[in-house]
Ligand code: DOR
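The chain below stands alone and is given as structure tokens, in the form predicted on its own.
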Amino acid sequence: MKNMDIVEGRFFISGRFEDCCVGIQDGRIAKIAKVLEGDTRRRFGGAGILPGAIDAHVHFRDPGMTSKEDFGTGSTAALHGGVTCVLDMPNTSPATTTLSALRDKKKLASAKSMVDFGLYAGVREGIDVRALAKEAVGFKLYMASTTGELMVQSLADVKSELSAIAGTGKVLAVHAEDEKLRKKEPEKDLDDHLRNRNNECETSAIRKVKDAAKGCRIHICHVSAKDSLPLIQNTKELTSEVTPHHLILDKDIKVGSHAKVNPPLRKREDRHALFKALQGGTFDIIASDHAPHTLDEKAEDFDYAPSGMPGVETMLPLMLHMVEEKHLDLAGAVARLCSRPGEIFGIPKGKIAVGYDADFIVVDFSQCVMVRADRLPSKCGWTAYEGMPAIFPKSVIVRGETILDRGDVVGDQIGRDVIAARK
């Protein structure tokens, strides 16, 4: 084969590490063999080479809220965390609910992103589903108030839109909290936030959307309550995701509004139930719900501080440490961070296999460090995981190009829209 670049090392293929060579042409994996000849060769010795992660749930705040984050800083954070593709949510300003807004955001992202990306379209009454489906990676339905103005008051109001989405075959990602059950009482701490958005808010919303969106490829975002598990287990009706913060943190963490998120951090028993369910194979995806706000915004009185925390740069490193500590198995973690998101959203990424994008992360599992906000590139400048152990990638390759090496950005801005790339 001519014009083939070779990466040589210990690749994680089909659930185990293999010493082999991967040949890359036009950014995709062209051949895998014990020995390959090519035009260039990169060797990574004894380090492990995993597929790049796909974060199916980020808020890069671009356009309209770029004091918190933008596609440049957010994608750089993703890169440092071993994420080579992000799927960005539509609750920006303006909201991504029209074809023109979607295309404008795509231009911004294409000019800034260090990693590949897909863009969700927001669900509201009157949207042009058919037009949006051609260029969006999926649709997002907000069933309760959160950042932005995309909350749907009643699923009956978008009955025709949900039917149209079912016809497109696109994923319908759902923020499942029942606004009718959400309490509006003043909040002074995480206990109050949980009381206002209790477990029944989530379970009621999941039941309602399963009934109202029959025929849709429903994906329940950031499952947080133990009571929700029976609704998502052993069903082909929907897929589901869990976040690191709902697995690792609970309402008793002492960081105040920095841990204020929607849905809320819950009791320790919920967190333990989620982790056990993850170990047992319940969740399809681990996603960060990277939702940064500035330190000044988070310093406001708890009741007024916005909900959300950053996480795209720490998601995979925290999970890899869980693997090293034997709390998770590597094959399961790779499936939920890499391959399964690609399968659900129809993206040829997340696997080291012929025909897939050559997105790799190089990991030394013996190199554990403590998470420090001053070493993270997110614009917001803080993390709820300060001081926690994590394993960050040494190098990151996006479509065959080395973009991060020894923790430093060495490649050019390369990110492109995954939907446009398929055409």
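Don't overthink the numbering: it's just position in the shown sequence, from 1. Since the model is a prediction, treat every value here as computed from it, not as a measurement.
One more form of this protein exists, namely the form predicted in complex with the named molecule; it is left out here, but the text below deals with it.
- In the model of the complex, the named molecule sits within 4.5 Å of a heavy atom belonging to H293.
- Heavy atoms of D289 reach within 4.5 Å of the named molecule in the model of the complex, making it an interface residue.
- The named molecule in the model of the complex is not approached by H219, whose heavy atoms all lie more than 4.5 angstroms from it.
- Heavy atoms of S307 reach within 4.5 Å of the named molecule in the model of the complex, making it an interface residue.
- Shown alone, this chain has one stretch from 326-334, 260-268, 203-211, 278-286 that lies within 4.5 Å of the named molecule in the model of the complex by heavy atoms: 260-268.
- None of T97, S339, T146, T239 but one reaches within 4.5 angstroms of the named molecule in the model of the complex through a heavy atom, and that residue is T146.
- Out of the listed residues F117, Y120, Y142, F345, Y142 is the one that sits within 4.5 Å of the named molecule in the model of the complex by at least one heavy atom.
- Interface residues of 84-108, taken as those with a heavy atom within 4.5 Å of the named molecule in the model of the complex (partner not displayed), are limited to N91.
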